[in-house]
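One chain comes next, on its own, written out as structure tokens in the form predicted on its own.
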Amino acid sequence: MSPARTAASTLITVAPTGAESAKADVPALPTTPEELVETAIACEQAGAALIHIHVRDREHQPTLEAAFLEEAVVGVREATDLIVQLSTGGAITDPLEKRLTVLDANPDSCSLTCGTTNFGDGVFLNPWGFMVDLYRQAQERQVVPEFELFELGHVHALRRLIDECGLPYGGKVHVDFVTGVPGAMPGTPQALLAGVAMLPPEVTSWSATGIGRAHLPIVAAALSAGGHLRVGMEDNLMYAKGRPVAHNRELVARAAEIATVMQRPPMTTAQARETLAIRDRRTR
């Protein structure tokens, strides 16, 4: 069996903010630098090893401005040992050329979505040329990409990317299935497992995200199939029926508890860095 299916521990990623929810509607959403750092500390203590960051400006709006990205990376890196991953998706309205500048903020990792997809009422644009440019920039800067897969066709695009561009920096290939986005792959175990069955042999680890009500079924399915987990308020604002999430650490702690019951306890940050072949950019 491949390493992607025999993990003895679980990489838990927290995606605390996203670009879709408004601070006015969800006051608990961490949108300021101080809230982001506090969230990172709490989620690391609860079992997360990687943080997937979407940045907001001082008006709590999504932004890809360099100063805000750098502030987020430095703040989280100084306060925690978490792997710092920046989203290169931003908001679906962000121009492609602006999204390519995310790597200037010197993250440990970045997201790389493997194709265009319907995204609610909009379209999340990821044309082939953009994907190749982002991948090659990540290789040059020794940033490890996480390949985000919203559709089964994206798995095929990943195969094409590897064939054209080679392996990422460090030689590991980690993917995340994002399921349950309206208009994209459904958040069902059947859809997830279909994608897992299609993964190229170069893939060394995979995780899964369930949007909204798909959250817990996807957690269970991923753990059962040897995968890892992404949780957080970017993807799910409800802890249970009638009970909103009060803090991202609740979702991380529950994922860690389920993983531990499944005898696949959370990875430490050191284990996660080794699993993903992350270059150490910390100075302390």
Ligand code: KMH
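Worth saying up front: this structure is predicted, and the values here are computed from it rather than measured. Numbering starts at 1 and follows the sequence shown.
Quick note: we don't show the form predicted together with this ligand, though the next part is all about it.
Accessibility of shown form to this ligand in the predicted complex, site-C-alpha superposition, 2.4 Å backbone/C-beta rule: Site status: open.
This ligand contact in the predicted complex: E274, any heavy atom under 4.5 Å: E274: no, not in contact with this ligand in the predicted complex.
4.5 Å heavy atom contact, H54 to this ligand in the predicted complex: Taking the distances in the predicted complex, the answer for H54 is yes, it comes within 4.5 Å of this ligand.
Any non-hydrogen atom of P189 within 4.5 angstroms of this ligand in the predicted complex: So P189 does not count as contacting this ligand.
Contact flag, Y135 vs this ligand in the predicted complex, heavy atom cut 4.5 Å: Judged by the heavy-atom cut-off of 4.5 Å, Y135 is well away from this ligand in the predicted complex.
Position in contact with this ligand when the complex is considered in the predicted complex, options T80, S205, S111, T116, heavy atoms within 4.5 Å: By the 4.5 Å criterion, the partner-contacting residue is S111.
In the predicted complex, the one of A91, V74, L96, M198 near this ligand [non-hydrogen atom within 4.5 angstroms]: Selected option: A91.
Heavy atom contact within 4.5 Å of this ligand in the predicted complex, the stretch among 80-88, 136-144, 151-159, 166-174: Result of the contact check: 80-88.
Interface residues of 210-241 toward this ligand, as seen in the predicted complex [heavy atoms, 4.5 Å]: Heavy-atom contacts to this ligand in the predicted complex: only E234.
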